[in-house]
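Shown below, as C-alpha coordinates, is a lone chain in the form predicted on its own; questions about how it binds or moves come after it.
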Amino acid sequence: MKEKSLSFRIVDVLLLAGFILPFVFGIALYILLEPASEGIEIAGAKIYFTLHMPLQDLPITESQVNSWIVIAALFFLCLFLTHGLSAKHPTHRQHAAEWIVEQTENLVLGNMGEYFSGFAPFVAAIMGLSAFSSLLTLIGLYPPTSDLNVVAGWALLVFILITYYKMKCGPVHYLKSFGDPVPFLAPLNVISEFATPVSMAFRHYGNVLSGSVISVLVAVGLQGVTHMILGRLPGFLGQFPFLQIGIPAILSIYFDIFSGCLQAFIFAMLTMLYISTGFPEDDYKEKLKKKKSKQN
(Lines give C-alpha, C1' and ligand atoms only; values in the text may rest on other atoms or scores of the structure.)
Protein backbone atom coordinates (compact mmCIF):
# COMPACT_ATOMS: atom_id res chain seq x y z
CA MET A 1 0.00 0.00 0.00
CA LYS A 2 2.85 2.37 0.88
CA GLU A 3 4.59 1.54 -2.40
CA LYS A 4 1.38 2.29 -4.30
CA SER A 5 0.92 5.53 -2.40
CA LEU A 6 4.48 6.57 -3.20
CA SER A 7 4.04 5.81 -6.90
CA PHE A 8 0.74 7.72 -6.85
CA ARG A 9 2.47 10.78 -5.41
CA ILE A 10 5.29 10.53 -7.93
CA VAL A 11 2.79 10.54 -10.79
CA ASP A 12 1.06 13.53 -9.17
CA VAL A 13 4.33 15.45 -9.04
CA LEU A 14 5.09 14.57 -12.66
CA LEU A 15 1.65 15.73 -13.79
CA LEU A 16 1.99 19.00 -11.88
CA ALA A 17 5.43 19.47 -13.42
CA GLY A 18 3.88 18.84 -16.83
CA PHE A 19 1.38 21.61 -16.09
CA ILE A 20 3.98 24.13 -14.87
CA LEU A 21 6.93 23.42 -17.19
CA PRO A 22 5.25 24.69 -20.40
CA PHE A 23 4.81 28.10 -18.76
CA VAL A 24 8.42 28.03 -17.52
CA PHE A 25 9.54 27.18 -21.06
CA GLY A 26 7.51 30.09 -22.44
CA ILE A 27 9.00 32.55 -19.94
CA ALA A 28 12.53 31.32 -20.65
CA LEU A 29 11.94 31.60 -24.40
CA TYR A 30 10.60 35.12 -23.96
CA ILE A 31 13.60 36.21 -21.87
CA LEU A 32 16.12 34.71 -24.28
CA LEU A 33 14.57 36.08 -27.48
CA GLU A 34 13.12 39.40 -26.31
CA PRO A 35 15.47 42.23 -27.36
CA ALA A 36 16.23 44.98 -24.86
CA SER A 37 14.07 48.06 -25.36
CA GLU A 38 13.56 51.42 -23.72
CA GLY A 39 10.20 53.07 -23.08
CA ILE A 40 6.81 51.86 -24.24
CA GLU A 41 6.52 49.40 -27.09
CA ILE A 42 3.26 47.83 -28.31
CA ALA A 43 3.74 45.28 -31.06
CA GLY A 44 2.23 42.07 -32.35
CA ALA A 45 3.50 38.54 -31.94
CA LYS A 46 7.17 37.99 -32.74
CA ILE A 47 8.14 35.64 -35.56
CA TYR A 48 10.60 33.07 -34.21
CA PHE A 49 11.46 31.43 -37.54
CA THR A 50 9.93 30.65 -40.92
CA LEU A 51 9.38 27.27 -42.54
CA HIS A 52 9.78 27.39 -46.30
CA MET A 53 6.84 25.62 -47.93
CA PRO A 54 6.08 24.92 -51.63
CA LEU A 55 3.10 27.27 -51.91
CA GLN A 56 3.69 29.78 -49.13
CA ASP A 57 6.15 30.18 -46.29
CA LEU A 58 4.87 29.29 -42.83
CA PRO A 59 6.00 31.67 -40.05
CA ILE A 60 6.17 30.20 -36.55
CA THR A 61 5.06 33.05 -34.31
CA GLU A 62 4.86 33.77 -30.60
CA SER A 63 1.10 33.22 -30.77
CA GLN A 64 1.47 29.70 -32.12
CA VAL A 65 4.12 28.72 -29.58
CA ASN A 66 2.14 30.15 -26.66
CA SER A 67 -1.00 28.40 -27.90
CA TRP A 68 0.82 25.07 -27.77
CA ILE A 69 2.09 25.97 -24.30
CA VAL A 70 -1.50 26.46 -23.13
CA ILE A 71 -2.65 23.24 -24.82
CA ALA A 72 0.15 21.24 -23.17
CA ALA A 73 -0.52 22.79 -19.76
CA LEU A 74 -4.27 22.09 -20.00
CA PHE A 75 -3.56 18.51 -21.06
CA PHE A 76 -1.50 17.80 -17.94
CA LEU A 77 -3.96 19.73 -15.74
CA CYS A 78 -6.77 17.46 -16.94
CA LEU A 79 -4.63 14.39 -16.27
CA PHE A 80 -3.88 15.68 -12.77
CA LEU A 81 -7.53 16.39 -11.96
CA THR A 82 -8.62 12.95 -13.15
CA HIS A 83 -5.72 10.98 -11.64
CA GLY A 84 -6.86 8.46 -9.04
CA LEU A 85 -10.62 8.77 -9.49
CA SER A 86 -12.51 6.79 -6.86
CA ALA A 87 -16.21 6.24 -6.18
CA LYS A 88 -15.63 5.42 -2.49
CA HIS A 89 -12.97 7.97 -1.51
CA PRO A 90 -13.17 11.01 -3.81
CA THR A 91 -10.49 13.66 -3.38
CA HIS A 92 -10.88 17.43 -3.48
CA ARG A 93 -9.54 17.59 -7.03
CA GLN A 94 -12.01 14.90 -8.06
CA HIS A 95 -14.80 17.09 -6.68
CA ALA A 96 -13.35 20.00 -8.67
CA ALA A 97 -13.23 17.92 -11.85
CA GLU A 98 -16.79 16.67 -11.34
CA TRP A 99 -17.99 20.23 -10.68
CA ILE A 100 -16.42 21.44 -13.95
CA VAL A 101 -18.03 18.58 -15.89
CA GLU A 102 -21.45 19.09 -14.28
CA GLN A 103 -21.46 22.86 -14.82
CA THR A 104 -20.40 22.50 -18.46
CA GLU A 105 -23.01 19.81 -19.15
CA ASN A 106 -25.73 21.94 -17.54
CA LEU A 107 -24.60 24.94 -19.58
CA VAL A 108 -24.76 22.96 -22.82
CA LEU A 109 -28.13 21.37 -22.01
CA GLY A 110 -29.61 24.71 -21.01
CA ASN A 111 -28.47 26.52 -24.16
CA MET A 112 -28.33 23.80 -26.83
CA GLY A 113 -30.76 21.09 -25.77
CA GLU A 114 -30.51 17.32 -25.35
CA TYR A 115 -29.46 16.70 -28.96
CA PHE A 116 -26.17 18.55 -28.40
CA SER A 117 -25.33 17.02 -25.01
CA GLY A 118 -22.13 15.61 -26.48
CA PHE A 119 -20.83 19.14 -27.06
CA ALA A 120 -19.83 19.60 -23.40
CA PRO A 121 -16.14 18.60 -23.88
CA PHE A 122 -15.86 20.90 -26.92
CA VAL A 123 -17.36 23.86 -25.05
CA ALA A 124 -15.13 23.22 -22.01
CA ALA A 125 -12.09 23.08 -24.31
CA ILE A 126 -13.02 26.42 -25.91
CA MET A 127 -13.46 28.17 -22.56
CA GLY A 128 -10.29 26.65 -21.08
CA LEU A 129 -8.12 27.43 -24.10
CA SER A 130 -9.44 30.97 -24.41
CA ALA A 131 -9.25 31.81 -20.70
CA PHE A 132 -5.75 30.42 -20.16
CA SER A 133 -4.51 32.09 -23.36
CA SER A 134 -5.71 35.48 -22.10
CA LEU A 135 -4.30 34.87 -18.61
CA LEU A 136 -0.78 34.44 -20.01
CA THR A 137 -0.38 38.20 -19.60
CA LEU A 138 -0.20 37.63 -15.83
CA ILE A 139 3.20 35.95 -16.27
CA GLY A 140 4.43 38.37 -18.93
CA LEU A 141 3.77 36.23 -22.01
CA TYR A 142 2.04 37.34 -25.18
CA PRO A 143 -1.62 36.18 -25.11
CA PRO A 144 -2.62 34.29 -28.29
CA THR A 145 -6.07 35.85 -28.00
CA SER A 146 -4.42 39.19 -28.88
CA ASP A 147 -3.59 37.75 -32.32
CA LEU A 148 -6.44 37.96 -34.82
CA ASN A 149 -5.08 34.95 -36.73
CA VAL A 150 -5.55 32.67 -33.72
CA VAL A 151 -9.05 33.83 -32.81
CA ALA A 152 -10.10 33.86 -36.47
CA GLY A 153 -9.05 30.20 -36.67
CA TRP A 154 -11.33 29.37 -33.74
CA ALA A 155 -14.18 31.34 -35.34
CA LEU A 156 -13.64 29.53 -38.64
CA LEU A 157 -13.88 26.16 -36.88
CA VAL A 158 -17.13 27.25 -35.24
CA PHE A 159 -18.44 28.49 -38.60
CA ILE A 160 -17.77 25.06 -40.14
CA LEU A 161 -19.76 23.43 -37.32
CA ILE A 162 -22.60 25.93 -37.76
CA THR A 163 -22.77 25.23 -41.49
CA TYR A 164 -22.57 21.46 -40.93
CA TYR A 165 -25.59 21.43 -38.61
CA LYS A 166 -27.52 23.85 -40.81
CA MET A 167 -27.06 21.39 -43.68
CA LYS A 168 -28.34 18.40 -41.69
CA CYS A 169 -31.52 18.46 -43.79
CA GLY A 170 -29.57 18.66 -47.03
CA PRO A 171 -28.04 21.43 -49.15
CA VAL A 172 -31.37 22.32 -50.78
CA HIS A 173 -33.00 22.98 -47.40
CA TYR A 174 -29.94 25.01 -46.39
CA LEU A 175 -30.14 27.20 -49.49
CA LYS A 176 -33.88 27.70 -49.03
CA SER A 177 -33.26 28.98 -45.50
CA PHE A 178 -31.66 32.11 -46.94
CA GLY A 179 -35.07 33.10 -48.24
CA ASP A 180 -36.66 33.16 -44.75
CA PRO A 181 -38.83 34.96 -43.82
CA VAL A 182 -39.17 36.57 -47.27
CA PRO A 183 -37.12 35.83 -50.43
CA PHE A 184 -35.94 39.39 -51.08
CA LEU A 185 -33.96 39.27 -47.79
CA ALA A 186 -31.73 36.49 -49.17
CA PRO A 187 -28.75 38.83 -49.93
CA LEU A 188 -28.83 40.18 -46.37
CA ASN A 189 -29.04 36.64 -44.97
CA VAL A 190 -26.00 35.60 -47.01
CA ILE A 191 -24.04 38.58 -45.69
CA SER A 192 -25.18 37.76 -42.16
CA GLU A 193 -24.02 34.18 -42.61
CA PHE A 194 -20.44 35.16 -43.42
CA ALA A 195 -20.47 38.00 -40.88
CA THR A 196 -20.88 35.49 -38.04
CA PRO A 197 -17.26 34.25 -37.85
CA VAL A 198 -15.94 37.76 -38.56
CA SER A 199 -17.89 39.28 -35.66
CA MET A 200 -16.91 36.45 -33.30
CA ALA A 201 -13.21 36.84 -34.14
CA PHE A 202 -13.07 40.63 -33.94
CA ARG A 203 -15.12 40.79 -30.72
CA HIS A 204 -12.80 38.43 -28.86
CA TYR A 205 -9.59 39.79 -30.35
CA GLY A 206 -10.54 43.44 -29.91
CA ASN A 207 -11.54 43.16 -26.26
CA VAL A 208 -8.40 41.29 -25.21
CA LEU A 209 -6.03 43.47 -27.22
CA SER A 210 -7.61 46.74 -26.07
CA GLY A 211 -7.30 45.66 -22.44
CA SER A 212 -3.58 44.93 -22.86
CA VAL A 213 -2.96 48.26 -24.60
CA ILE A 214 -4.88 50.26 -21.98
CA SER A 215 -2.99 48.57 -19.13
CA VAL A 216 0.38 49.42 -20.71
CA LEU A 217 -0.60 53.02 -21.46
CA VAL A 218 -1.89 53.59 -17.92
CA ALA A 219 1.26 52.08 -16.37
CA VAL A 220 3.52 54.33 -18.47
CA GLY A 221 1.32 57.34 -17.82
CA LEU A 222 1.50 56.78 -14.07
CA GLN A 223 5.27 56.73 -14.31
CA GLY A 224 5.23 60.15 -15.95
CA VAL A 225 2.76 61.54 -13.40
CA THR A 226 4.91 60.25 -10.54
CA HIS A 227 8.00 61.94 -11.98
CA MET A 228 6.08 65.19 -12.46
CA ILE A 229 4.63 65.28 -8.93
CA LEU A 230 7.34 63.61 -6.85
CA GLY A 231 10.38 64.17 -9.06
CA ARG A 232 11.79 66.83 -6.74
CA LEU A 233 12.21 64.40 -3.86
CA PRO A 234 15.88 63.76 -2.99
CA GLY A 235 17.82 60.85 -4.43
CA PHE A 236 16.13 57.52 -5.00
CA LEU A 237 12.74 58.80 -3.84
CA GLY A 238 12.51 61.21 -6.76
CA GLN A 239 12.99 58.41 -9.30
CA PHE A 240 10.84 55.68 -7.72
CA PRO A 241 7.45 55.27 -9.53
CA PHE A 242 5.20 55.33 -6.45
CA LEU A 243 1.95 55.65 -8.43
CA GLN A 244 2.76 52.50 -10.39
CA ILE A 245 2.34 50.45 -7.23
CA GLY A 246 -1.11 48.93 -6.91
CA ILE A 247 -3.07 50.85 -9.56
CA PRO A 248 -1.87 48.76 -12.58
CA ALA A 249 -2.56 45.63 -10.53
CA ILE A 250 -6.16 46.72 -9.95
CA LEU A 251 -6.58 47.33 -13.68
CA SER A 252 -5.03 43.94 -14.35
CA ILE A 253 -7.73 42.28 -12.23
CA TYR A 254 -10.31 43.60 -14.70
CA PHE A 255 -8.51 43.59 -18.06
CA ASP A 256 -6.42 40.42 -17.62
CA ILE A 257 -8.52 38.24 -15.31
CA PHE A 258 -12.18 39.30 -15.41
CA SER A 259 -12.30 40.47 -19.03
CA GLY A 260 -10.23 37.51 -20.30
CA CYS A 261 -12.48 34.96 -18.58
CA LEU A 262 -15.59 36.89 -19.62
CA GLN A 263 -14.56 36.87 -23.28
CA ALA A 264 -13.92 33.12 -23.07
CA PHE A 265 -17.43 32.61 -21.68
CA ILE A 266 -18.99 34.90 -24.33
CA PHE A 267 -17.18 33.09 -27.17
CA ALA A 268 -18.42 29.73 -25.84
CA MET A 269 -21.96 31.06 -25.43
CA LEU A 270 -22.02 32.43 -28.99
CA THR A 271 -20.71 29.09 -30.25
CA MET A 272 -23.53 27.20 -28.53
CA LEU A 273 -26.24 29.65 -29.58
CA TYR A 274 -25.18 29.91 -33.24
CA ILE A 275 -24.96 26.12 -33.62
CA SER A 276 -28.18 25.28 -31.78
CA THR A 277 -30.31 28.05 -33.35
CA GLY A 278 -29.02 27.27 -36.84
CA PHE A 279 -29.89 23.58 -36.55
CA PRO A 280 -33.38 22.86 -38.02
CA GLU A 281 -34.26 20.28 -35.40
CA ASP A 282 -37.95 19.90 -36.26
CA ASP A 283 -37.27 19.54 -39.98
CA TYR A 284 -34.47 17.09 -39.26
CA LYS A 285 -36.71 14.91 -37.09
CA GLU A 286 -39.37 14.99 -39.81
CA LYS A 287 -36.77 13.92 -42.34
CA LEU A 288 -35.75 10.98 -40.16
CA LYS A 289 -39.38 9.90 -39.78
CA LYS A 290 -39.90 9.93 -43.53
CA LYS A 291 -36.70 7.99 -44.01
CA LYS A 292 -37.78 5.32 -41.50
CA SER A 293 -41.26 5.06 -43.05
CA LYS A 294 -39.74 4.47 -46.49
CA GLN A 295 -37.47 1.75 -45.10
CA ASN A 296 -40.44 0.02 -43.44
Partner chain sequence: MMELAIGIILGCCALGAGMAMIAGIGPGIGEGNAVASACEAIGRQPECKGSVTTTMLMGCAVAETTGLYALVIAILLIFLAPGRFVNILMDTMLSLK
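Numbering follows the first chain given and starts at 1. Remember, it's a predicted structure, so these values are computed and weren't measured experimentally.
The protein also exists as the form predicted in complex with the partner chain; that form is not presented, and the subsequent description refers to it.
Enquirer: At 4.5 Å between heavy atoms, is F159 in contact with the partner chain in the predicted bound form?
Expert: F159: no, not in contact with the partner chain in the predicted bound form.
Enquirer: Evaluate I229 for contact with the partner chain in the predicted bound form, applying a 4.5 angstroms cut-off between non-hydrogen atoms, and reply yes or no.
Expert: No, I229 sits far enough from the partner chain in the predicted bound form that none of its heavy atoms falls within 4.5 Å.
Enquirer: For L273, is any heavy atom within 4.5 Å of the partner chain in the predicted bound form, or not?
Expert: Contact with the partner chain, yes.
Enquirer: So in the predicted bound form, does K168 come within 4.5 Å of the partner chain, heavy atom to heavy atom?
Expert: Answer no; every heavy atom of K168 is more than 4.5 Å from the partner chain in the predicted bound form.
Enquirer: Could you tell me which stretch in 25-33, 50-58, 259-267, 65-73 has residues with non-hydrogen atoms within 4.5 Å of the partner chain in the predicted bound form?
Expert: Of the options, only 259-267 has residues within 4.5 Å of the partner.
Enquirer: Identify, from the list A124, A219, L209, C78, the residue with a heavy atom within 4.5 Å of the partner chain in the predicted bound form.
Expert: Of the listed residues, the single hit is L209.
Enquirer: So which of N189, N149, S199, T82 reaches within 4.5 angstroms of the partner chain in the predicted bound form, heavy atom to heavy atom?
Expert: Exactly one residue meets the criterion: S199.
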